[in-house]
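Shown next as structure tokens: one chain only, the form predicted on its own.
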């Protein structure tokens, strides 16, 4: 168990890759660098797949790009519905980022979602979007009035919910990613070598993608509640 605790602490530790002296010694953490790598790969891949796009007689690259976009946006549109189409690009981007972040450990990188700061940032961004959607679609007066529904006495609870939602999103994502690591370490301690490999494929791929889906699904659900 001491070894498990040691491995867990190492997994939670977000190392400083380099500092920027001109910005007062600003520390650039490992999670930020990996996020930059993910962004760079996605941007380069997007440029490659969308070069010389045509309406007729499209290339195989364009066909692949259209298939990816159609499938991803279809998944998100199915969650948020027709009224929430304006939020589909953001939610699709979050889905792709979290999905890749959760499986990037297969390539030797530490997942950015194992950094609590990253999951907090994602949760806060999503909840700010949720409340902004409420203000935009309902107007300030109706948005404020919804905090008094169904009766005025529950207003403090409704206000508290604004702050508990990002906490729920954050801890759900962080806790599941971290929980998968703990389970894998326990499996490695008690079963033969080949079984951890099988479970690793599950936790690193299926469960990682599932958590990305759940995060976006809950955000879509919250937005849907605001704009209905």
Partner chain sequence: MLSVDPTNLILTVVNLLVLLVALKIFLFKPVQKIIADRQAEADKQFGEAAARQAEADGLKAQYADSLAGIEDEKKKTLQAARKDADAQYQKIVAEAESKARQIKEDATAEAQHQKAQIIKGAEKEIADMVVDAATKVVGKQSGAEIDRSLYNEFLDKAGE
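Not measured: the values here are computed from a predicted model. Positions refer to the first chain, counted from 1.
One more form of this protein exists, namely the form predicted in complex with the partner chain; it is left out here, but the text below deals with it.
Chemist: 89, 156, 139, 78: which sits within 4.5 Å of the partner chain in the predicted bound form by any heavy atom?
Modeler: Of 89, 156, 139, 78, the residue with a heavy atom within 4.5 Å of the partner chain in the predicted bound form is 89.
Chemist: Quick check on residue 103: any heavy atom within 4.5 Å of the partner chain in the predicted bound form?
Modeler: No, residue 103 sits far enough from the partner chain in the predicted bound form that none of its heavy atoms falls within 4.5 Å.
Chemist: Residue-level question: is residue 143 within 4.5 Å of the partner chain in the predicted bound form, judged on heavy atoms?
Modeler: Output for residue 143 is no: heavy atoms all beyond 4.5 Å of the partner chain.
Chemist: Report yes if any heavy atom of residue 109 sits within 4.5 Å of a heavy atom of the partner chain in the predicted bound form; otherwise report no.
Modeler: Residue-level check for residue 109: no, no contact with the partner chain.
Chemist: Is residue 93 a contact residue for the partner chain in the predicted bound form, using a 4.5 Å heavy atom cut-off?
Modeler: Although the partner chain is absent here, residue 93 would touch it in the predicted bound form, with heavy atoms inside 4.5 Å.
Chemist: For the three residues 133, 149 and 209, which mark the spot I'm curious about, does each lie within 4.5 Å of the partner chain in the predicted bound form through at least one heavy atom?
Modeler: The answer is no; none of 133, 149 and 209 reaches the partner chain.
Chemist: For the heavy atom contacts within 4.5 Å of the partner chain in the predicted bound form, list the residues of 34-67 involved, in sequence order.
Modeler: Stretch hits, in order: 35, 36, 39, 42, 43, 46, 47, 50, 53, 54, 55, 58, 62, 65, 66.
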